[in-house]
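Consider the single chain below, provided in structure tokens and representing the form predicted on its own.
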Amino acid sequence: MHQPLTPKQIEQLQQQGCRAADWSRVRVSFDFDPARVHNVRFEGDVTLGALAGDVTSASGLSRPCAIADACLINCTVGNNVRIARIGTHIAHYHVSHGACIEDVGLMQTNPGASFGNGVEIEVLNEGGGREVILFNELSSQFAYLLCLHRFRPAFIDKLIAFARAAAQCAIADIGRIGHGAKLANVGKLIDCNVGDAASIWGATSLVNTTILSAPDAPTLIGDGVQGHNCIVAEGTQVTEGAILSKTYVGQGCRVGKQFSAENTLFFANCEAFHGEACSVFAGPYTVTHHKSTLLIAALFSFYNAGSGTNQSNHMYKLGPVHEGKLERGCKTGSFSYMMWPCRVGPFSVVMGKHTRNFDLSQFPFSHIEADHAGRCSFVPGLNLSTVGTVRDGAKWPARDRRKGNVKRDRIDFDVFSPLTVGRMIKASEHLKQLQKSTDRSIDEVTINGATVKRVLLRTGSKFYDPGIQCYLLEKIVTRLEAGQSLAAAPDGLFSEDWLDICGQMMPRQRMLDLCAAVESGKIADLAALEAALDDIHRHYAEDEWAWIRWAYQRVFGAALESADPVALADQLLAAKSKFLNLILIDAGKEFDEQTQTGFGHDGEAADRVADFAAVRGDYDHNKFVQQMKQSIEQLGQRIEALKKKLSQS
């Protein structure tokens, strides 16, 4: 409860340099200590809590709870806070318990502030038509559906209504500084909400922005940061002069080192340093680290941009209306260039300057390169058994920086899944058909704007087939080891085609059912939609198994029920041993003589080998190599144990 100031308290405050236009509009807690308030101007209705003890500042120092050298206009201040050295004023804010605000130029909330909610950003297509509405609870799946599924207008209308309703909930006349939040050396905060335990240190300007934060996932906004019309999610760090405009930064992201972004979405665990993003839809784990890199008008996820990566989205015709889509796990080499529209299949590598449009979405794990004239050529499946692909599958789950109970983006990390393996099956079948139908006198075959050498058609199938078999057999044998039935799972839903909804993989039919439920009104609000997406996420394993049963028959030509479990185990041993040995061969390239070039500088020939070993180690003791060898050994042990178990059953 709060009460009016007593005459004695007013007198003491005045003696300490405090002034008020109307002291009757200043109310305080019953244990308010006026001795801790100096040189403060009160305007409008101001409520003050208790001031006792110390609070931790943004610099980590313990500072006494107090209010000094400030002007408070229509503010409520919680217990045990510190507010000091405010340049202009703090107007229309609720400052929660334990907050520390020092050396801030201006803090003000204007009537009807939305704090970045409701801002429409022109993501993916700068010409418009794919706008995403920002709101605090935005997930990568919601944004993807709203952005990419414009071919379902009734569905989109419902999503827009959901988004606007969520954004409307954020509108207020009073801003909020959260419990334990710390602000220091900040230029200005206008229409800015700051979450619990957030730290804002040295930011230049935050306008119409929400900084979401929680004690178990604190957010950091650092030196020189400018954020206008933005939302920054929990556990994220935006530092070192980053400039953000009309941008959403998801949970666990890192943005800094003068990076600039406009009309861009970053979802979970993205990293963006030095470069620039414009109208980018950056799904989970999109990484760009280099000064000369420009990402524009493209969709990415689990992506790594090489230095100097660049794109063009206008083709010098109707303006910047073209789009690029690099599906999960892609990489671009240094100074790669792509002229949109293009589409690249999962886990592919793109190198060179591409001045022609192509669509290789159906050929995952490909090596894509431009010739001297900018024409695209590719080797299908080349990256399937590389060290980098294997490392990617292990590193992403380990690098999930999201904390707390709420993780908005649903992420399936599997490199091999019905999504990628389904594409591999179709790609292999397509390549085999082309090999049969292409005359041997033809050197190259054109596929969707890209060329592949005829002799590589068979090679591509040879890359794909072992990976397909390994995936299917591994999943089947794992069930046998667990004593699970190979029959269909009762809750599984089969679709031949699977989709990647920005990190969440699902059968196409699940997505179609979801869209229909939204259109019909069965899913009537944002909470119900998110719950439906969660339910789909929970059924991933059952849906995957339904697909595996179908794929086994397509690949091996027989129903899974008729297969001999012992033969399945032997097949896995042969296929996976071969696959892992291919990865070991690729790893061995890191230790050959050519790789040792430049080592042993100023020494003799033998010194090069010794220098390389001292810096890089040797093949036999390399951690990754040892893990692969151990995997091969354990595979043999697994198969022997399973066969023994099967013989006893």
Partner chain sequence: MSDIAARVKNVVARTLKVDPARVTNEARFVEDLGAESIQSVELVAAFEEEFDIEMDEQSALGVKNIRTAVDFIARHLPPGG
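Positions refer to the first chain, counted from 1. These figures come from a predicted structure and were not determined experimentally.
Here the subject shifts to the form predicted together with the partner chain, a form of this protein not shown in this document.
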{"property": "The partner chain contact at residue 369 in the predicted complex, heavy atom, 4.5 Å", "result": "yes"}
{"property": "Close approach of residue 613 to the partner chain in the predicted complex, 4.5 Å, heavy atom", "result": "no"}
{"property": "In the predicted complex, residue 463 touching the partner chain (heavy atom, 4.5 Å)", "result": "yes"}
{"property": "Contact flag, residue 582 vs the partner chain in the predicted complex, heavy atom cut 4.5 Å", "result": "yes"}
{"property": "Option touching the partner chain, based on a heavy atom within 4.5 Å in the predicted complex, out of 425, 91, 147, 379", "result": "379"}
{"property": "The unique member of 403, 453, 538, 97 whose heavy atoms fall within 4.5 Å of the partner chain in the predicted complex", "result": "453"}
{"property": "Stretch in contact in the predicted complex with the partner chain, which is absent here, among 25-33, 582-590, 58-66, 599-607 (heavy atoms within 4.5 Å)", "result": "582-590"}
{"property": "Interface residues of 428-442 toward the partner chain, as seen in the predicted complex [heavy atoms, 4.5 Å]", "result": "440"}
